[in-house]
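Provided below as structure tokens are two forms of one protein chain, presented individually as structure 1 and structure 2.
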Structure 1
């Protein structure tokens, strides 16, 4: 994948570069759609594609946050637990009678705080993000059950539920939210100084330090972005489920990593785009939906997704070896 820190091509050159960059992953998505449409008549229906996009929404938003983290050469394995905590925080605030807006604000704040903790442990104590987020994955998952003792929280606000149930201009609101967050993350990454600093920090930490970039500060901010994106996913998931479930978001970190890596984000850091991540999330969504329609047992689905990640990582490593 092209390093977007380099000079951006213009006009027709830009279009050709985009086609070269995403042709492989788009063809993979089309191939999956063809395979599943041949095995199940209902796959190509409008209702099924709407269902796929709604399922992809939660994964895609979490993957946007994961893309920022992987760009730094780090990993965030706690986002599945943050998704569950966020839904529970929203439900508890609503249960106190504080209303929709305070619940929304405090839920997003909870994601930012959990991301702040992950980032601070990684940047200031210089602990590997893998270890930090494996630990916080367990800690945050424990927090989810504290208010209810493990039972789901059902006291959701009607406006909260409307996010996942209603439509606007013919499209589910949840899809509009994904598109809006995609644009925000894409512009921030590809067209702002903050995005260029993220690429440089992940691609060459020493160069970033000599350039005057606050590397520790970048890590903390980006883990906070990941936490907020996971919190939004938690809001959408609890809205769709009409409740906050203590087991919500289980293995979503796997799907988010897969979406980012499939989309071309390098686990070594410094390379990746939100466009690629969005397409990668669609592949994961189609894969999940197609296997569910074929009644593939859940444990086989995990095996398939694990193999998909292995292939994507292998291709990334091969690409790095050829480059250098």
Structure 2
């Protein structure tokens, strides 16, 4: 299997290309892991890695959706609010006693609809997605509070909770979900015509148009993907918390964007991979977890996190420049 993403030289040595492409961030990730395991002997344990993966799941899945959006040269700042709305929809449907499956379906549908609205505003009214999603970030955040007036809603449906709490084949279900969604998104992006169209549209909108790609349709579909991914994140979050919080997911959009950009996705569009995004999300997760393990005071955590993002993106940019 050869890789089809555009940033990779194609040739006999797939592994070498991978290493070269991800050298910068893998280096950052490894460096962080080494530092943390030297300073805390509990860091390097299976239990802790399960922890990290679980903690990073919500961001990672949202970041998969964000990668599509950024790849298209757009941005989606509303995903934090969509995460909250999705959790609330699930809790309300469960509250009505309709059961798990309808709750799941309606939650995902709510994500798709919110994404549809973002995409339609961006594509059809030709408004910049930045401003559209700043607006819907506020609108959807308002929606969350309508059913409960701002209070959280409990969601103790056993199946719902099981998603966040149970394990399967020795690994938490959440991790299976992250891996499954990673695979689906990776294959869709790297190995289908849909993914290729996303690269083309993000790389040169006019060229895509001339090649007969329905650019508006692509935008709408991809904002829907982003909405659905955020809804899945919302499900995981509310499952882990046994409840839907009205301020859930606040500012997660920035973490998701940071994960994608750390992973080499270009904000200009047309360049990026799901592998990179997954590594980017792991960097953020390892960083948060490791600093907690070291009991770094909160303010210093903020400073260190910002610095690490800067250094990691810089390493990435530099390693790519070196290769020309």
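The term rigid core refers to the most C-alpha atoms you can superpose between the two forms while keeping them within 1.5 Å. These numbers were taken from a predicted model, which means no experiment stands behind them. Positions refer to the first chain, counted from 1.
Undergrad: Of structures 1 and 2, which one represents the form predicted together with another copy of the chain?
TA: The chain shown second - structure 2 - is the form that fits the description.
Undergrad: Once everything's superposed on the core, is residue 25 shifted 2 Å or more at the Cα between the two structures?
TA: Residue 25 C-alpha, core-superposed: shift of less than 2 Å.
Undergrad: By the 2 angstroms cut-off, has the C-alpha of residue 54 moved between the two structures once the rigid core is superposed?
TA: No, its C-alpha moves less than 2 Å.
Undergrad: After fitting the rigid core, is the C-alpha of residue 290 off by 2 Å or more between the two structures?
TA: Yes: residue 290 shifts by at least 2 Å between the two structures.
Undergrad: Superpose the two forms on the rigid core and tell me the Cα shift of residue 38 between the two structures in angstrom.
TA: Its C-alpha moves by 3.6 Å once the cores are overlaid.
Undergrad: Report, to one decimal in Å, how far the Cα of residue 299 moves between the two structures once the rigid core is superposed.
TA: Its C-alpha shift, to one decimal, is 5.4 Å.
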